[in-house]
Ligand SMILES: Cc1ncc(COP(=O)(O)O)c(C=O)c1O
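Before any questions on how it binds or moves, here is one chain, the form predicted on its own, in structure tokens.
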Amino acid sequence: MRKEYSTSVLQQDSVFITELLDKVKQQALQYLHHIDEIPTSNDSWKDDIENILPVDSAGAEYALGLFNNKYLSSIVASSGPRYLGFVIGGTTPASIMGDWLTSVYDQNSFATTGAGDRSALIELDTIQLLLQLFDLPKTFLGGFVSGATMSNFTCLAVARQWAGKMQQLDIAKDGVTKKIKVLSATPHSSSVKSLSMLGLGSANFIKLKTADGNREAVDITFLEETLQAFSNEPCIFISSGGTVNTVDFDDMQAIALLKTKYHFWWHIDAAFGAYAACTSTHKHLLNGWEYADSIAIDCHKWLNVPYDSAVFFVKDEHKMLQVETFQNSNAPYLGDPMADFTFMNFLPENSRRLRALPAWFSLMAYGKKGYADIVENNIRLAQLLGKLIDGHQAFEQMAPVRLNTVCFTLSNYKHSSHKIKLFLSLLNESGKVFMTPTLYNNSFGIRAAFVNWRSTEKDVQIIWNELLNALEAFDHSH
């Protein structure tokens, strides 16, 4: 690339922005077109290249070359079809388009009034699209945050304010002065982390009994007995809309009935389980969830948009509690937080990128039917892998495939963390598939979560072949 150094390097980069972005585009396309061949795990890391902050400007092309030299070889296909670790989605073509434009336009998505940046209106529109996707009523308000942790945090912060009001306290202003009862059967770690950040205490929640029959869902009778015992105190109940290990769902209809009998805040962590609502076969798992006070849902999981993206939904009736919790009350130049709706008075962050745009692009591009196809395909693939595992004596499912996650173990080694980790390392080092370990019912196992729009039956066959190859290597290793 030709450069004239009569002006600054930064200005020259601006002049040649077309050529620079074309280089990045070609590199991005190289990744996307060959994502099936890129390793799902990689130990490559070049420690011999020292990072030294340049004194003089070297330019964007130099930075790209440096990045490629030091870091590119360590990039894995985490957005590919056989990355089954954690619950990591892919990125649809439309969402990539939206994400690129998000960076280019660089809007601060907080204001809905005034003559400045109005990108928050795009966010409000996108929230309405998501409510339609999940068949949730318009009685929910929502916004975009970075992930399930901040979504749970936002919802539980409003729940904390609600619990304070029940005790004639304004916790947002005065802090936590009384212990608040928090109930849950199988809370995700992000919810527990949120309790820590909110000053409620990560060890202070009351763990409820789970239902009989190899379940992670709450025992409804035990929940009601607990609510009866604490009927004179405000309680926050964290419900599971798809647990991590077995994607188990609390009985939403039964909990909705309890809401008519007892006064408690009902929060649902439905980070990826919410997408069951897109299907005709599994949407019943969420029947009744519309009566919850708040819901946390990830977008960078099954919506298949780039990191970091999640939404929270809180009932409109709690709007004032939400503003009390997150208002910028000591910034008069930002207006009256109780009079004008702005996202900076409605969620934790003041400054944030327009996270809604990738989701808007993808929702408008593929619609409700497109997302139903993605979710139903992933469920079918999980069931297929589950059947293959059931048919081999060396493997054992730890729970039935309820949605998109296969939780399994080695039949003879489920009580050996070392053996499971050894097998998993042999599986993952192939670079063709990636899975993660887990602990379920005091046994060690492996999780495989299908959430990527690219995954096919061919990928399941590759995954199965790699499981058998790892098993053979495992048998030879001891």
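Position 1 is the first residue in the sequence shown; the rest follow in order. Because the structure is predicted, anything quoted here is derived from the model rather than measured.
There is another form of this protein, the form predicted in complex with this ligand, and it is not shown here; the text below is about that form.
Partner-facing stretch of 159-167, 355-363, 185-193, 217-225, counted where any non-hydrogen atom is within 4.5 angstroms of this ligand in the predicted bound form
Going by heavy atoms within 4.5 Å, the stretch is 185-193.
Is Lys301 part of the interface with this ligand in the predicted bound form - any heavy atom within 4.5 Å?
The answer is yes: Lys301 has a heavy atom within 4.5 Å of this ligand.
Closest heavy atom of Phe272 to this ligand in the predicted bound form, within 4.5 Å or not?
Heavy-atom contact with this ligand at 4.5 Å: present for Phe272.
Do Leu347 and this ligand share at least one heavy atom pair within 4.5 Å in the predicted bound form?
Close contact is absent here: in the predicted bound form, Leu347 is far from this ligand, nothing within 4.5 Å, heavy atoms only.
Hey, in the predicted bound form, is Gly147 touching this ligand, heavy atoms inside 4.5 Å?
Because a heavy atom of Gly147 falls inside 4.5 Å of this ligand in the predicted bound form, the answer is yes.
Of the options Leu130, Ala77, Ala382, Val87, which one has a non-hydrogen atom that comes within 4.5 Å of this ligand in the predicted bound form?
The residue from Leu130, Ala77, Ala382, Val87 that makes the contact is Val87.
Only one of Ala277, Val244, Leu200, Ala292 has a non-hydrogen atom within 4.5 angstroms of this ligand in the predicted bound form; which is it?
Looking at Ala277, Val244, Leu200, Ala292 one by one, just Val244 meets the 4.5 Å heavy-atom criterion.
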